[in-house]
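The chain that follows stands alone, in the form predicted alone, written as structure tokens.
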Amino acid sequence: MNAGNQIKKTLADLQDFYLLSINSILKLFKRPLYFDDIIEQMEYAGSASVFIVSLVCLFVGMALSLQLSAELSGLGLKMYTGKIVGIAVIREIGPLVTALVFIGRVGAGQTAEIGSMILGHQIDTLRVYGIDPIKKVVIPRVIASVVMLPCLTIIGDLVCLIGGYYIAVFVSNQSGSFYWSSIIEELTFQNVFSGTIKPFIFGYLISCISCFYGLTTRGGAKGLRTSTTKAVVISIITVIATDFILTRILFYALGFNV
């Protein structure tokens, strides 16, 4: 495929993705609503992901606290470990790490599932019976991702802070009560809002990207592998880039000093 055809294909894919993303919002308010599918997807995206999110966030919190304790100890500022861990986890690390884990587990699963439905002609069957695939397949997954990723982020934040507490208290011999009081001081509107608005946007983007690549799957098992890989890679890049953009916007809007 030459460069011109590749550019045309990329622009066509972008157009199809934007149409899918917009329709997933516009058709959300039209009947019918497939509540059973929504509940099923919420269970898959939410409760089934709690363990892996908690495990990853636990070790991230422990590693962050260990690194900060080591560096701040040399400066005589070890007592600020809880404050810095709290700010970093609530604003940035918690939402981003949870979103990346969500991509690997839920986003890849959504792409593979929809891709299998395409290859098995189940999507074509829905169209034959007059069922809109966007309503039946895409919207339940978008709703589940937008609702459950913020919930997982809250759990991940808490577990991350607990991991930091373990290192700060039982390894660095700091005061546990001072650690938690430092974190509570950082639960300001600016910090909490900055950390909670991101998962809603991340969840929407991850689900739209995953559904798009699932619906465009072609070429059997090899095509399914390619679609899933693309969905994961593009989702990771998009989430990290969006995180930077949102952080910059929120810093300006909420009056953070940079």
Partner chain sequence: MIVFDNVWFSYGDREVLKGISFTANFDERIAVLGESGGGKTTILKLILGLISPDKGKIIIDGVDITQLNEEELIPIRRKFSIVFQEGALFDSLPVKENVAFFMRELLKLPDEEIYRRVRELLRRVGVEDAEELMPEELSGGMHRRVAIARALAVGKTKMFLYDEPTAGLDPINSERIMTLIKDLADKENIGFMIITHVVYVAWQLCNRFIFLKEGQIVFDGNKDELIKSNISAVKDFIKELFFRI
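All of these numbers come straight from a predicted model, not from anything done at the bench. Residue numbers count along the first chain shown, from 1.
From this point on, the text means the form predicted in complex with the partner chain, which you will not see here.
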| item | value |
| --- | --- |
| Interface membership of residue 126, the partner chain in the model of the complex, 4.5 Å heavy atom rule | yes |
| Non-hydrogen atom contact residue 76 with the partner chain in the model of the complex at 4.5 angstroms | no |
| is_contact(residue 188, the partner chain) in the model of the complex, heavy atom dist at most 4.5 Å | no |
| Any non-hydrogen atom of residue 136 within 4.5 angstroms of the partner chain in the model of the complex | yes |
| Every residue of 177, 204 and 247 near the partner chain in the model of the complex, heavy atom within 4.5 Å | no |
| Residue among 108, 146, 131, 93 with a heavy atom within 4.5 Å of the partner chain in the model of the complex | 131 |
| Interface stretch in the model of the complex with the partner chain - options 68 to 76, 116 to 124, 169 to 177, 93 to 101, non-hydrogen atom within 4.5 Å | 116 to 124 |
| Within 4.5 Å of the partner chain in the model of the complex: residues from 64 to 79 (heavy atom criterion) | none |
